[in-house]
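What follows is a single chain, given as structure tokens, in the form predicted alone.
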């Protein structure tokens, strides 16, 4: 390789050359020459290599050690606190068609711009070359990934979140089939945060199987293997008859049943995705991204491409998320990001105890009463503060986490954040209707993305931010995948955020365990249901028994009627919004459009029959 020996030590050079992979060498040569780091270090799967990364993250200021063993804290800059949709683009070559909802840029112009920004961006810094595996090792699901970054925080995060992949590259015998990611935090300020965020760019180059990212550190923008790799995988899956989804994978294991039933679930950020995957007493395989393929006998199987969690920490407390809370408040390797730190201890919003009135946070030294330049009170911790931890550290880690065969999918759950329309849980009428339920998810925005909170957003399959193929083609892939299966999973929709007229939530946060048990029982034919215009909803008697069994508390008929009354007018308003969205899309399958029309017809007939906009559930019996 044509890299200066003063930059690349002989031992590191040998690690690269041992792969006998010309494509790997070409990428390293090109981007080292472009970004010009002072030093390049190659990290393999060896424990001493990964330990060095963690130590360097602290030595170089990307993280600070906390009082509890294994805990560290990282701060992103005050304007680098979420996925930057405004600076993220899919690079589109001439002739490639994309949906209007996907943010794109001309490939030639986009590459010229970002490569210009990256010219010399690593000067004076040490960069690392990383090798990872998306999915379990030595599996038909596995995809190899290479990352070069000058952020040891990013590199350390990836060691927690992903499986080491140097051996996978060795096994591939020089194959050029892998994703690669080039990242630089750019110039850093005195606190080690990215400085030139006005030049923050995250560009996904589908034609090059790569993502280029610069002037950021927030994990959603900088960790190549997370949502950036999801975009590349969606593009790959669209050509190869499998699904790459923004989904958790969990095993429902109701007490006394002696069985585990696996679900995948797609929820937009801050809609209960991680807390659903972490319901007490159940098993977690993953909380974020799933690859789904046909397995034996044409049944669907899935794996978690990650081995860790990058979770929102707000409201993680002993009552609502006891398993997560116990894990992140005991000694083990964890990175806390953008929390409040006082006397070596991390604090976050909604943790179930009073917070200090001063400390360090994502804006620097903080004390109660501090205001920003616009006069708004600065919160002690950011609402999108996070924790990064290995799934194997959790008591409810599923033993099949690393199974190369994956787990069989029996159910799919779609959830949104909806205060006035959908019931807490319903089952779709069939697979096509389930695809429709996923493709019509709406969510009220939160702090997980940069921008205004509280706005209702359309987010099909909770995957809109990551789509790199036309929406019609993406929906068709789901419909076709279901048709190719010997038995399709049941599909459900949940909404944990329904409110009454006074704005009070009608569910407790923990109630999701009952909704899960009902879904699990439906998979096994143990519960009946009421057919409504929007799908099958639970019977009151079944929920009454489940609440008593799970929580030992009463579930009243009034609770049931408030939660499961069908808000026909609100559903029809949603159908109006969906019709408008899909009227602007090209190539939407007729089968999908027919499903939209069918649900509208059912709603209109119900309204005509009952003569009112809200109908109690048992009216449909």
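Numbering follows the first chain given and starts at 1. Quick caveat: nothing in here was measured; it's all calculated off a predicted structure.
Keep in mind the form predicted in complex with a small molecule is missing from the figure; the text below concerns it.
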| item | value |
| --- | --- |
| Answer option from 417, 226, 522, 156, heavy atom within 4.5 Å of the small molecule in the predicted complex | 226 |
| Contact residue in the predicted complex, chosen from 71, 144, 201, 386 - any heavy atom within 4.5 Å of the small molecule | 386 |
| Per-stretch contact check against the small molecule in the predicted complex, the hit in 111-119, 215-223, 128-136, 347-355 (non-hydrogen atom, 4.5 angstroms) | 215-223 |
| Exercise: residue 180 in contact with the small molecule in the predicted complex, heavy atom 4.5 Å | no |
| Any non-hydrogen atom of residue 310 within 4.5 angstroms of the small molecule in the predicted complex | yes |
| Residue 83, heavy atom within 4.5 angstroms of the small molecule in the predicted complex | yes |
| Residue contact check: residue 288 to the small molecule in the predicted complex, 4.5 Å heavy atom | yes |
